[in-house]
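Read the single chain below, which is given as structure tokens and is the form predicted alone.
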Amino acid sequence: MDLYSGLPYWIAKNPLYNYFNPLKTDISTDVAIIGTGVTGALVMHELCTAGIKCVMVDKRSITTGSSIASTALLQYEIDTPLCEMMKIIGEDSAVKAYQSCLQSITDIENVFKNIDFNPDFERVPSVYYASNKKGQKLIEKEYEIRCKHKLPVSILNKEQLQEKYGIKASGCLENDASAQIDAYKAATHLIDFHMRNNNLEVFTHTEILGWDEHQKEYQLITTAGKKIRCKYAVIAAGFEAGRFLPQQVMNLTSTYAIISEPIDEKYIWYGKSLIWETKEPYLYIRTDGRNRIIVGGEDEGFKDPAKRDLLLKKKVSILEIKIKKLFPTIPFKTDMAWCGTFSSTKDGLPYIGNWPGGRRMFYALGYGGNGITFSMIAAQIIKNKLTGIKDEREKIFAFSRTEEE
């Protein structure tokens, strides 16, 4: 299935990681990671750093699935507001989920500091503005619960919001704990780093057709009939992970994005803040660090790639109207546009760990708008599980949480 269409900015901005290495013989390893996107790359990094031998497998070229279409906003805020999430999974678990995402941003930053490479990671503020009266009530409730649990947040009224950011709305929540990144650059460099420094093997254009669990290992079988024997398998294949799951646990959504031509820096708002709104589906905005503006949104339920792609032109026009309405003085002119498919869950949280009853197949499914921060959490939880370290986050993001609701 095509995971995106159009021209994602990241594939135009970066040199294509030109690597072709299909699996041609049977192999053995400790851990086989299926998927070379940013999730698989972070899982691999944590395992390699812990001294665990692993290989990566992808049916495509390296990092050319959903990661190439990600707008890569890094926020501790989850699609489901904290004040609503606590009604679903309980206040303690909801707060821990938010705290985990907050820590995850710093952990991602440190991953790249430790290998002395910056994939355009940049700390920026985040603005969550009220789209309407309902949204204003939401941000007031959200402000109260975040303050209670000492999460970074401040609230701006109508006048303060317009003066600081030039946005006309009744108010907003603001924090200085967010960031942005180039997901393609991050994933490809992590993979390249470990191929050069830790003898990581990566097999592209290699699709897993079947799998068998034995007492002490998994055996993965490719479409070419080659076998990968591994003690553990990690599924980091985004919404395409559905084929490895006993039942569907996610909803598929199409999202659309545009990026402007470079503009004069004087038009960029305070702090190059990430901007998103309370209305659903929400508009989200960031810069690329080079005076381009990325605008995304207009999400709707995914049916099939053809129907998703047919809407691209219409969605581009709507996004252009919305950004010009929000910032009428910015001379926004679309340079590239794309659409992609992502997955979401009813509580806004990812699924991480084993399927109930399973022991050797792990899932790193960072479903939702916080996919990359979730991916960092998944990488740590799986590494900790394999090295015998207890991780209290396991229960919060486990498949079994849905059984407990």
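Each residue number is its position in the shown sequence, starting from 1. Bear in mind the structure is a predicted one, so any value in this text is a computation, not a measurement.
The following text describes the form predicted in complex with a small molecule, which does not appear among the structures shown.
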Original post:
With the partner left out here, if you bring back the small molecule in the predicted bound form, are Asp92, Pro350 and Glu394 all within 4.5 Å of it by some heavy atom?
Top reply: no
**OP:** Would you point out which of 63 to 71, 353 to 361, 47 to 55, 22 to 30 contains residues with a non-hydrogen atom within 4.5 Å of the small molecule in the predicted bound form?
**Re:** 63 to 71
Original post:
Heavy atoms within 4.5 Å of the small molecule in the predicted bound form: does Met376 have any?
Top reply: no
**OP:** Give a yes/no on whether Glu240 approaches the small molecule to within 4.5 Å in the predicted bound form, heavy atoms considered.
**Re:** yes
**OP:** Would you please decide whether Cys172 lies within 4.5 angstroms of the small molecule in the predicted bound form, comparing each non-hydrogen atom pair?
**Re:** no
**OP:** With heavy atoms only and a cut-off of 4.5 Å, decide whether Thr341 touches the small molecule in the predicted bound form.
**Re:** yes
Subject >> Ile323, Ile167, Ile208, Leu102 - the one with a heavy atom within 4.5 Å of the small molecule in the predicted bound form >> reply: Ile208
